[in-house]
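A lone chain, given as structure tokens: the form predicted on its own.
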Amino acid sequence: MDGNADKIEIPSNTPAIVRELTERLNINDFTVQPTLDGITTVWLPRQNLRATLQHLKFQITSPYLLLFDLTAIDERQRTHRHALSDSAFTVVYHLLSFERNDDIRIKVALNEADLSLPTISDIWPSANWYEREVWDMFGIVFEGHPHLRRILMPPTWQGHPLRKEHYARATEMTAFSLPDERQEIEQDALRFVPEDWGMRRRSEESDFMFLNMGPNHPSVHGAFRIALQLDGEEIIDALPDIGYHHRGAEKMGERQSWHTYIPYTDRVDYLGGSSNNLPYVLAVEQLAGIDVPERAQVIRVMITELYRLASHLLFYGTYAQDVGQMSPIFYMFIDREKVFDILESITGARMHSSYFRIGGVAMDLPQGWDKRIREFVNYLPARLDHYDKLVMQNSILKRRTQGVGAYNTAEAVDWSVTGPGLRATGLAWDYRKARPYSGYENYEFEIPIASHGDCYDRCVVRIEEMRQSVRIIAQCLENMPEGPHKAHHPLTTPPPKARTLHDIETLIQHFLNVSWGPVIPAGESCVTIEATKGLNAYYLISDGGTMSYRTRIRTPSFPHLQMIPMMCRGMMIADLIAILASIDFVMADVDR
């Protein structure tokens, strides 16, 4: 910075972080965009991008250490552009500071003639996959990226799916055919060539062996592949290859109405059920200005914590099974069935209940809803004590998992790890405590932590989280307020049935609201929750229509899998199985 440069005049209403950046970097090209989520959103020219991000991570007091998300927007069909920079495509960097308990969103505008930006994968290693995803989906090049190739789509795919001109449905294409010559091309594209991945075939001492784990089901939840470079049984390198489970959930979000998209969210982390609905409906409610009744908020918290128990019980059982214990999974699935019986009695479904609605929940609690829940919260703690002796005190399991796949807090943050995987390193940071939503500030519960950041501790944290979920559910049980289960706002979906037969106007409004969906005011909103596997966020952009203009799903499992190479180098193949089990992921949460 030039000490003799003229001091830049800063408007008095400039956010504090932008004022600090302007003064420290002596850059006056920051443009602040107001958003409904309250996250400081700043546009800046590409030439200032790296300097600004480096300053935010390395030089500022209480830095923004976590790259929470990196995505893009195709702006070319957007009509409501108030306070937006002139842009054909926008790349969005979302950073989080634990010390400040604050976020900042950096936006860079690009024109169609020059879709390129410098990579930041040397600043945040987790940016590697995020930049590959943006290139894959939008065709934006990141100069200097070490391995810029498709990540979710097949290597032979034509086009970039999240561009507005790319088709959204198979019915928009000609009938599918796969002639023999095309099949050979597709098969050849999937052939593993070590040099294409930066791997060497031999060292001075030995020839390496290459092993494909997958893309069938390699001890994990969903189809993906890990290409292993081995010296005997020692892992020299391991490269995850994802995308086999990609279903275009973000593209679907831009073709469904705000209401009819809710069932799609259940299928992202399909073990998390309605906890997937929560960040989505909260973001829509923020866009629409809907206040959710207190009873609906408590019901949402109770259902979300029940799904956390269901997800963690499955994790616990499969974790023990993957390292060699066969019995625990059968006991734990019995308990998981009890959770599903409760959920089915309340929501009408088990895993994919799609129970939450814009403005509240689908239906009120049934008569006698509390009986099964009361029995369950009294039943589960003793079962968890039994499992602790059965699993966590088992000497073989300890030897298989303690000290294996370990990382510290700084490494976890560098790789964008959140949730139990981060808290296992000793950082007591839980979104429900740090930034309470849906009334979580009204509940008494602790943030479980551990200290070693290894496979064992990642399980320890989740076990204690189950105990805390039981505490929260018990508080919901004892303090369930009276009142409506859904807001009476006109944009709730579906709208209140009582309003349908008053006159023809209300009937027409109800019909349009159900068939086309509500018209949500233009704006941007990002809402994050502490989901079962880490931080899950929906970043929604409305252009003032009945469908989302841009639906971005930030899932925890996507960055978590990116850490696999760092976690398993120098380990044995058997250790990799324990590492995969301890991450707790499903591929739908990775690929979306």
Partner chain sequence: MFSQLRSLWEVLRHTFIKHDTVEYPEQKPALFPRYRGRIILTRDPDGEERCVACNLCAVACPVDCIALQKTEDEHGRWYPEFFRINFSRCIMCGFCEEACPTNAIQLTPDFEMCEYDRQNMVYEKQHLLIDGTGKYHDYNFYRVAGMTIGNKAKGQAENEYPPVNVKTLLP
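As the structure is a prediction and not an experimental result, all values here were calculated from the model. Positions refer to the first chain, counted from 1.
One more form of this protein should be noted, the form predicted together with its partner chain, which is absent from this view; the next part is about it.
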property: Residue contact check: Pro263 to its partner chain in the model of the complex, 4.5 Å heavy atom; result: yes
property: Distance check, Thr156 to its partner chain in the model of the complex, heavy atom within 4.5 Å; result: no
property: Its partner chain contact in the model of the complex: Gly348, any heavy atom under 4.5 Å; result: yes
property: Arg267 within 4.5 Å of its partner chain in the model of the complex, heavy atoms; result: yes
property: Contact stretch among 104-112, 425-433, 472-480, 505-513 - heavy atom within 4.5 Å of its partner chain in the model of the complex; result: 505-513
property: Heavy atom within 4.5 Å of its partner chain in the model of the complex - residue from Arg81, Arg383, His166, Arg467; result: Arg383
property: In the model of the complex, the residue from Gln256, Gln297, Asn128, Thr90 that sits within 4.5 Å of its partner chain by heavy atoms; result: Gln256
property: Stretch 378-396 - residues with a heavy atom within 4.5 Å of its partner chain in the model of the complex; result: Arg383, His386, Lys389, Leu390, Gln393, Asn394, Ser395, Ile396
